[in-house]
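Only one chain comes next, encoded as structure tokens, the form predicted alone.
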Amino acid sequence: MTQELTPKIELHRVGWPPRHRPVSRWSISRWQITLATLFVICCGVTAPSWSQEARTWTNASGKFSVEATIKELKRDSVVLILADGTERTVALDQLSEADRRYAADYRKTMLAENAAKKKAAAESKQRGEDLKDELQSILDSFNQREEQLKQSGTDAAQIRNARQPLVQETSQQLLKLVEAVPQSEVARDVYIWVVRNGAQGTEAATAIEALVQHFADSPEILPFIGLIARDLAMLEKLQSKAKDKAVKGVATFMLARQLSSADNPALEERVLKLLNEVISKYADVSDSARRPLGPQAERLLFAVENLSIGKVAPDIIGSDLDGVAFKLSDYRGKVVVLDFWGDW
């Protein structure tokens, strides 16, 4: 009995910050808190995911109830997330009296929490402003010592080797300087300096994690997404948190590329979804080398769909040594070895 075989693909691998005009602590806090409060009142109150708890919601007649958590509390309605993940918007006047009281208390609590967060962020920003002179002093010291190394007369390799301990020492000073104000602009500039100057070990890991945690929406993070991508968990966190179009697009493409390189068929569906998202939403976004993501995602999509291990090989048309035309599909059911080579 002859069994027809479909040609399969088998792949083998061979082996520093500008100075800003000072702003008073009071002016920042007063206006930011006022604007934040007005925004929340007008647009609704959204709770952080960690504060959501499922409860039973009942309508005014008491004849209908549902288990759900609050997603958003608006002026006249509440958006609920049901147990199956679907959303339902319910007018407040259709809820039971107990639920309306709960919603009112919830609104007061979240208004207070949001105002407190804005106040803390404003105070953190002001404390960061107060650190700028000290930051500049540390950087001036680094620049001076680096210049001394360059003028020492040693070769480039020796200078690089001698510079690394200086980078590590300066990175430790800078990270300690901003550890109490991790969300400030000064802290962001510190994290970028640490990564850009090639810090290693704990210092580099701390800076990258802080950039992802606090500045996922900052365009300044774009040149470092390649470094972040070395840690898949960190890259997934960035892709999930980012809302800036450029950061979101590059992180999504990098995540798809990282997952596709694992050659794991179980990840294929997720990779395809990520690549199609890049093509539909971020095709015009460019990576750090100014290359548009759209064509890159399309090429990778073709490779995943057609050139992955276990896929049916795309048909190839050519001529043999005698000039006779042939197609790869002519050899279906036979063992075929393809030898791709080039000469430049």
Partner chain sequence: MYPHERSLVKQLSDKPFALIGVNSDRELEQIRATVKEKNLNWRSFWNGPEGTGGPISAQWNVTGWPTIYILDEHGVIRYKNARGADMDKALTKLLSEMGHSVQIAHEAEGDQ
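Every value quoted in this text rests on a predicted model; they were computed, and no experiment measured them. In this text, rigid core is short for the largest set of C-alphas that superpose within 1.5 Å between two forms. Residue numbers count along the first chain shown, from 1.
Below: the form predicted in complex with the partner chain, not depicted.
Proximity of residue 311 to the partner chain in the model of the complex, heavy atoms at 4.5 Å: Residue 311 belongs to the contact set for the partner chain.
Contact flag, residue 306 vs the partner chain in the model of the complex, heavy atom cut 4.5 Å: Yes, residue 306 sits close enough to the partner chain in the model of the complex that at least one of its heavy atoms falls within 4.5 Å.
Residue-level contact is defined here as any heavy atom of the residue lying within 4.5 Å of the partner chain in the model of the complex; does residue 315 satisfy this criterion? Residue 315 belongs to the contact set for the partner chain.
Given that the partner is absent here, does residue 299 sit within 4.5 Å of the partner chain in the model of the complex, heavy atoms only? Residue-level check for residue 299: yes, a contact with the partner chain.
The partner chain in the model of the complex - contacting residues of 326-344, heavy atom within 4.5 Å: Contacts from 326-344: 326, 327, 328, 331, 332, 333, 334, 335, 336, 337, 338, 339, 340, 341, 342, 343, 344.
CA of residue 311, rigid core aligned, shift of 2 Å or more between the shown form and the other one: Yes, the C-alpha position differs by at least 2 Å between the shown form and the other one.
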